[in-house]
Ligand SMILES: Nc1ncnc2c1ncn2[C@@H]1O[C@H](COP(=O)(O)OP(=O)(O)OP(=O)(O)O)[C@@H](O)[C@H]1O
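One chain comes next, on its own, written as structure tokens: the form predicted alone.
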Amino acid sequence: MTVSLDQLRRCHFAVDLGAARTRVYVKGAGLVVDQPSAAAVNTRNGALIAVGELAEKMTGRTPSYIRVVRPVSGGTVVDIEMAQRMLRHLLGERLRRKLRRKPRLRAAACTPHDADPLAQRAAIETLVGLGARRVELVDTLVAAAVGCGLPVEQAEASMIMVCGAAATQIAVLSLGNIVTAERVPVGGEAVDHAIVQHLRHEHALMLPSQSVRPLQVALSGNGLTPHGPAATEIQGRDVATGLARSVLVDTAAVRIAIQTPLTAVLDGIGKVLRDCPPDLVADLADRGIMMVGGSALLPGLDQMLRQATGMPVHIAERPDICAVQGLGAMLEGRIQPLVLNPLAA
């Protein structure tokens, strides 16, 4: 399945439904929504209590009858009805009325490179429920490459790595097409889980879920690199007693725990390079890898990849919003017509 730039220019808004955050770009208005993909629901009557950042703050802090749900997992909508309700509240009544006035409302949405037909259908039905008469699906890899300014329309190789919450997608692009790509089921959530499991096994300490990501920065001045403090004091809950307790955590051991799940990402990069034509690999030796996605901001990840691959590694200026910005550039017609944006079926 393919979608042309002419079709995308007819779209009125674009949605990037990610496992961690949901972003909406409206043509002529720019990025209007950038909120966590979370919703708090009253299980007694099904009422929606909160969405976005407010629902995210409720995680782990609600009574038993209030449940915080995530309707998107790994870039795929797993609960269409909840995703529609979440998007309606995030957009707001005023913006929804403005969109409904558009004749034959069209929408664009990002989907993972290896999305199966069911995942594509779920994304389409989610936006159709918001009033869209037609939905164009765009490969996340191409949208992110356009959003971070890679010259994907040229006859030269561009390598991009989309670091998501649930998965990492790696691809080499040339002449507006994906030459080879790989999806690795390891993302920011796997790194968070590795830290939590390390503290539980080594220190019998349970760490609050919302404290994991700040801990990644606090553990070392350079994240995954060994140039930081030898130990860091961490507060959490004792597994045995349930009481609050603080421990002194060895940062070297935590760096090892973080690197373990990232070996799969290195394997994915190696597979993409092996499947890539030699002429394009020669281009990548100079141009390197462009990292986008929220998990690209993990401190020291770029340096670890640079040491492991021997290639230059760059982080986009705003890696977290590159995909939706790329969609916006396509909607606004700000890219060369040569880029056709294929979507793997």
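The numbering used is simple: start at 1 and walk along the sequence shown. Computed from a predicted structure; not experimentally measured.
Just so it is clear, the following notes concern the form predicted in complex with the named molecule, a form of the same protein that is not shown.
Undergrad: Looking at A108, A167, M86, A145, which is the one with a non-hydrogen atom within 4.5 Å of the named molecule in the predicted complex?
TA: Going through each option in turn, the one that passes is A167.
Undergrad: Please identify the residue among I289, L298, V51, A316 with any heavy atom within 4.5 Å of the named molecule in the predicted complex.
TA: Among I289, L298, V51, A316, a heavy atom within 4.5 Å of the named molecule in the predicted complex occurs only for L298.
Undergrad: From the candidate stretches 183-191, 145-153, 95-103, 131-139, select the single one in contact with the named molecule in the predicted complex, where contact means a heavy atom within 4.5 Å.
TA: That would be stretch 183-191.
Undergrad: Taking the named molecule as it sits in the predicted complex, is G18 in contact with it (heavy atom to heavy atom, 4.5 Å or less)?
TA: Yes.
Undergrad: Using a 4.5 Å heavy atom cut-off, state whether V172 contacts the named molecule in the predicted complex.
TA: Taking the distances in the predicted complex, the answer for V172 is no, it never comes within 4.5 Å of the named molecule.
Undergrad: Is G294 near the named molecule? Define near as a heavy atom within 4.5 Å, in the predicted complex.
TA: Yes, G294 is a contact residue.
Undergrad: Would C163 sit within 4.5 Å of the named molecule in the predicted complex, counting heavy atoms only?
TA: Within the cut-off, so yes.
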